[in-house]
Structures are given as structure tokens and as C-alpha cells.
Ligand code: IPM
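The chain below stands alone, shown as C-alpha cells; this is the form predicted alone.
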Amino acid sequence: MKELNNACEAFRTLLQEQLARIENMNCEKTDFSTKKTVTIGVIDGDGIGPIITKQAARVLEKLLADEVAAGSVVIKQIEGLTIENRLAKNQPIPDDVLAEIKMCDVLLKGPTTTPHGGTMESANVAMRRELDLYANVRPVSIPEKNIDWMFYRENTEGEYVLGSRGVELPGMAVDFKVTTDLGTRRIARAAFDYAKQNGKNHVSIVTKANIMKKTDGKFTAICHEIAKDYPGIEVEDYYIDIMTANLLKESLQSKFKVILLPNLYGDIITDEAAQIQGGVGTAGSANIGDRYAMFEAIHGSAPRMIERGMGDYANPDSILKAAAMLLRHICRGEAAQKLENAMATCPVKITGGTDGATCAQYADALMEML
């Protein structure tokens, strides 16, 4: 009975915290088209993170050299978001690092390692919560297959918001899933706004509402409520299991345009979509809120590459694509297009092994093309 009472009290605390979170959701959006100075924070991360992030930062510095010189763009290195420092301080984001992060407008972030087991929260999950980065946005494009997908994944709720805060009883463990009206409305609005602004006529809402009737049921219902404000866009519901199969079905691939999902499903299916494109190293990722935004590689820190002494051959394509997304977000579309064109036509190839160029050699070739 004592364990049960403790678990109930822990759940009560979680509910109170989530109600407080809802009250603080609304925030004025940053308008980068008129912002006089934009501060870009660069975070290395763990494993191959410092290797690939260093080269992406060099590319940004080249593309934005004139604005950096004029003071309209500041590129700031942020230290301390390493697995060693996080474990030593027992914080997913050490307080001093978070203070530096909040002085920036946007972040370019390398992959960070999350320990298995224990209670240490993922740095990414903590970052999304602390900066309220509610929209995870991931594009996948394969022109020869007429694939042009944009995924809008809710980023601050679902199973992840309380993923390290579950309760244990003798012989039992329970985790929690959170879906709020405000959280769902804003991710749905972001997805439909993107579709409207970019001429996309189809939005797929992906859940498991037939099983998760309260949380996914709410997500589906609210998304359809928002869809009424966009009469020119076709909306279809899919369950996550069949959607993972449909993405592989060539006869359907060109049908999908914008895919809108809760947190966990979006995490899984965007990796599948990236693999269809050529692997998780070929896709960038944006985490966008009203005030802040973070852009990152979607793959992990690849500790085995470091252990084998192969880190210098890590492929930076994912974080470079994230850098291009960052540039578009801060209204530097011309610079983003230059980077994308250089990546598409670069004669130097990187394979992730000694048969290809190193990360630095690849970045050198891109720099010459910019």
C-alpha cells in the first residue's frame, strides 16, 4: 500500500506540472525578417558531434561572412553539453550551459549521447522542453521517385515529456503519455500553415487512435478541427502501423505531402523515411518554437566510429542539411540555396569509410564552391 500511495502522489505531482506547463505555452513569435541581430549558438555534442559540427560551423561562417563582419549575425560557440559534464552535474542540460543557450536565437547542435537506464533525461528532450520547441520538422526528398515529404512531429508531449518520470511498483513499471489541447493545436496549425504556404494539397494525420483512445483520439479530433480552416487541403487519417508500410509502397509514395504525428510515432517514422532517402545521415532536422529554434543531425553520436578511429570520416550531410534549414528559418534563403546546390553537385564524395573523403576534405570542397 505504501508503494501505491507513493506512486499516486508522484502521478499527482506530474499532473500539476503539466497543468502549469500549459499555462506557459503561449509566446510571441520571433520575426527574423526584421531582427537586427541574429545569434546562432553552435553546440558540438558527443562522439562524432564535434567533428561534423566544426565543419558545418565553418560553412555557416563562410556563407554569412559579410553579416558576421557587420554584426547582424553572431556565431557563438557553446561549451559543456557533453555526456561527461552532464553526468558530473547530474543534469541533462547543466544550468550554466542552458543560460548560454537562452542568449541565442537559434542553435546548430551536434548529436548528444543519452545513457541507457538510470534517470538521466535526454539532452534533446530537455532542450525541447526548456525552449518549448514544439515542432520537429523533417523533410525527405527523392525527386526521381516523386517523393517530397515534410513531417511535422509534435515535439514536447506524448511519451517523451515524462519519459524519465514513470513510476515503479513491485513487479510493475508505468510510463505516461500526455496530449494537450493547446499542444496539439499549435503543431496542427504549424503543419497546415506549411501546407498552405507551400502549395501542398494533402495532410496525413497519423496516430493509433483506435487503441490510444484518449490521447491519440484527442490528437486526431483537434487536428481535424484545425483542418476546417484550410478548405483546399485534403486530410486523411492513418494508423501508424499501416503508415510505416505505406511509405514503402511505391504506388502511394507520391501521394503523401505533409505528415502530422504525435511525438513517439514521428520519432520512429522519420528515421524510416530518412532511410528510404538514403540513410539517417542524409536528413536534417529542425526543432522549432515561437521564440527559439534548434537544428541538428538526426543520427546519433556514433561512439563506435570514434572507438575504431574512424571519426574523421563521419558524414556531415545531416548537420549540413540542418544548417540549410537554419538559414531558411532566419530568412537567409539565398545562402541556404547556395549550400544545397553545393551539396548536390560537390565532386568530392564522403562514404563514412576510408574509401571516401574525410569530413574536413568534404567541407573544404563545399567551401570552394560557395
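It should be emphasised that the depicted structure is a prediction, and the values quoted were computed from it without experimental measurement. The first residue of the sequence shown is number 1, and the count goes up from there.
One more form of this protein, predicted together with ligand IPM, exists but is not displayed; see below.
Undergrad: Given that ligand IPM is not shown alongside this chain, does Y160 nevertheless sit within 4.5 Å of it in the predicted bound form, heavy atom to heavy atom?
TA: Yes, Y160 is a contact residue.
Undergrad: A209 versus ligand IPM, in the predicted bound form: is there a non-hydrogen atom within 4.5 Å?
TA: Answer no; every heavy atom of A209 is more than 4.5 Å from ligand IPM in the predicted bound form.
Undergrad: Does D267 reach ligand IPM in the predicted bound form, with heavy atoms at most 4.5 Å apart?
TA: Residue-level check for D267: yes, a contact with ligand IPM.
Undergrad: Counting only non-hydrogen atoms and a 4.5 angstroms cut-off, does N124 reach ligand IPM in the predicted bound form?
TA: N124 belongs to the contact set for ligand IPM.
Undergrad: Just to confirm, with a 4.5 Å cut-off on non-hydrogen atoms, which of M243, V235, L98, I298 contacts ligand IPM in the predicted bound form?
TA: Contact with ligand IPM in the predicted bound form is made by I298 alone.
Undergrad: Out of 124 to 132, 71 to 79, 221 to 229, 175 to 183, where are the residues with a heavy atom within 4.5 Å of ligand IPM in the predicted bound form?
TA: That would be 124 to 132.
Undergrad: Going by ligand IPM in the predicted bound form, which residues of 134 to 155 come within 4.5 Å of it through any heavy atom?
TA: Heavy-atom contacts to ligand IPM in the predicted bound form: R138, R153.
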